[in-house]
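As a starting point, one isolated chain is supplied in structure tokens, in the form predicted alone.
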Amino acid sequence: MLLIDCPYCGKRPEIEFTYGGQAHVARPSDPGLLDDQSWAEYLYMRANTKGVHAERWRHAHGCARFFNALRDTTSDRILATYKTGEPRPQLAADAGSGR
């Protein structure tokens, strides 16, 4: 079983968590000004990264808080977790890629 390190509660089994989508997606400041195409892109278009991907998770059966995780989509390993609002942590593998 995969253990996920909740930044608020510590390591817990994956069945306590729910996936919340791609992290760091900024909501439009005035959604009413968007045309249908722009609104659809905001709602549905997400990066489908092969490799390290920033995701939102919720500790649904624990503290119920959202947090972010860096997950390697090729191995399904969670490399880091951090609180919502904190900057994405720099991983050793990211250092040469400019992320």
Partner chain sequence: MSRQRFSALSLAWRSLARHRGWQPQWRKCEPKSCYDAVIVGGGGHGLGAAYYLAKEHGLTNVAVVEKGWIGGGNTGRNTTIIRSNYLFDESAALYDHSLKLWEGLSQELNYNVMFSPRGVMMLAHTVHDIQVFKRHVHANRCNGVDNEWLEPEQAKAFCPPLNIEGNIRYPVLGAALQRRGGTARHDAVAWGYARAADALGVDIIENCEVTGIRRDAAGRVEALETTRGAIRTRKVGVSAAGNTSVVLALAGVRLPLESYPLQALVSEPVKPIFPCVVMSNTIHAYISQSDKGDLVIGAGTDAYTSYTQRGALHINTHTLDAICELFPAFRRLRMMRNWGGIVDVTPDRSPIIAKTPVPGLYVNCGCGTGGFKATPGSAHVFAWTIAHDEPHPINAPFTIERFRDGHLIDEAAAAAVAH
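For the two forms, the rigid core is made up of the largest set of C-alpha atoms that agree within 1.5 Å on superposition. None of these values were measured; they are calculated from a predicted model. Residue numbers count along the first chain shown, from 1.
One more form of this protein, predicted together with the partner chain, exists but is not displayed; see below.
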Quiz item: Contact between Lys50 and the partner chain in the model of the complex at 4.5 Å, heavy atoms?
Solution: yes
Quiz item: Is there a heavy atom of Arg46 no more than 4.5 Å from a heavy atom of the partner chain in the model of the complex?
Solution: yes
Quiz item: Applying a 4.5 Å heavy atom distance criterion, does Leu2 contact the partner chain in the model of the complex?
Solution: yes
Exercise. Spell out, yes or no, whether the shortest heavy atom distance between His59 and the partner chain in the model of the complex is within 4.5 Å.
Key: no
Quiz item: Judged by heavy atom distances of 4.5 Å or less, which residues of 65 to 91 approach the partner chain in the model of the complex?
Solution: Arg71, Thr73, Thr74, Ser75, Asp76
Quiz prompt | C-alpha of Gln37 moved at least 2 Å between this form and the one not shown on rigid core | solution = yes
